[in-house]
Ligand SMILES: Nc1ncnc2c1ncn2[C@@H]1O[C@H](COP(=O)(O)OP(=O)(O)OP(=O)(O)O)[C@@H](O)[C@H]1O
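This document starts with one chain, in the form predicted alone, laid out as structure tokens.
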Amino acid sequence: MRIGLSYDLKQAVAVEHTAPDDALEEYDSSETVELIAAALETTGHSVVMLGGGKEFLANILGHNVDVVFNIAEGRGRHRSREAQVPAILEMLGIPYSGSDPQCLTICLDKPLAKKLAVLAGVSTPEWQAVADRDELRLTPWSGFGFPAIVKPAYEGSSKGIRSSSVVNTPEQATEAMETLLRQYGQPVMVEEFIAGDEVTVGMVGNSPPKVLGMMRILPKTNQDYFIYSVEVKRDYQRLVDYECPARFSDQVLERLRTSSLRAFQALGCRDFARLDFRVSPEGVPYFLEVNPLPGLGRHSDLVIMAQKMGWSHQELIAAVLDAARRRYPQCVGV
């Protein structure tokens, strides 16, 4: 089978000199792309490098592929950017891995994803979102609980989430939100900070999806407000330990499993995803966000989790591809 590989390399994406230093955080390295291509080839398939952006457009029209393994993050600051490649593939009638354009757009919009998760019976921290500075000035703070965390509304890979993102007063929240509005050019949100453990849950497959693993992120030093910030992810080997399987009571594990399945299905995720939670001291999992296009590089959370659960990188890639192929009758048996 000829598999097209769509991706966005860090060096292929232009950014303005005034952009924040994490502007390219979600994009992939050549090492990751080569690692995934090698995993696909090991399963007996040939791989066609499609790239992203305009390069992808030219290559997908110039090469015949049976299916596309998609890890492209899309271009620009649009909340629909992750939907760009899948939308083109649907227009051309080409099968692809991962979630569809609607799911990808919804999940990158954190406030919208949280609203739908709540409707599905999933607990999530209280939050407020503002679109611009005028709306921020009118934000009612009465009754909103602090401490809280401030973050961009349409970002992944912890972009805009720093060790300094926790705020304790409306004044601090307003200042931090003004900064993010200016730096990221998109709505921002302030979310109740849940004291407790940071946990990420990996999902693979469909009908029904299966929990690959649950991984607790443990800081190596005591902190009043530990958050899984971009600084931590860049230096994770020194700053945190990954506990997988997570050592919670059976009751908490079941709550995490149920919440993950509900969110995955309510938001329309397919093939694979990673969901982030905070587990309160009372054992209640609070849904933070879902990444329906999680990283698959050597140092990505889903890959680390899979390896701790006994999977090789090749087995993880094969499982995602197999889940995608099963959704397309023309790909079964190819």
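Since we're looking at a predicted model, the values are computed, not measured. A residue's number is simply how far along the shown sequence it sits, counting from 1.
Omitted here: the form predicted together with the ligand. The next part is about that form.
Contact between residue 94 and the ligand in the model of the complex is not found at the 4.5 Å heavy atom cutoff.
In the model of the complex, residue 161 approaches the ligand with a heavy atom inside 4.5 Å. Although the partner is absent here, residue 194 sits close enough that one of its heavy atoms falls within 4.5 Å of the ligand in the model of the complex. Not displayed here, the ligand is approached by residue 198 to within 4.5 Å at the level of heavy atoms in the model of the complex. The stretch among 97-105, 223-231, 205-213, 137-145 whose residues place heavy atoms within 4.5 Å of the ligand in the model of the complex is 223-231. Though the ligand is absent from this view, in the model of the complex it lies within 4.5 Å of a heavy atom of just one residue from 149, 71, 263, 180, which is 149.
Within 4.5 Å of the ligand in the model of the complex, a heavy atom is found for none of 75, 79 and 85. Residues of 258-281 lying near the ligand in the model of the complex, listed in sequence order, are 274, 276, 278, the criterion being any heavy atom within 4.5 Å.
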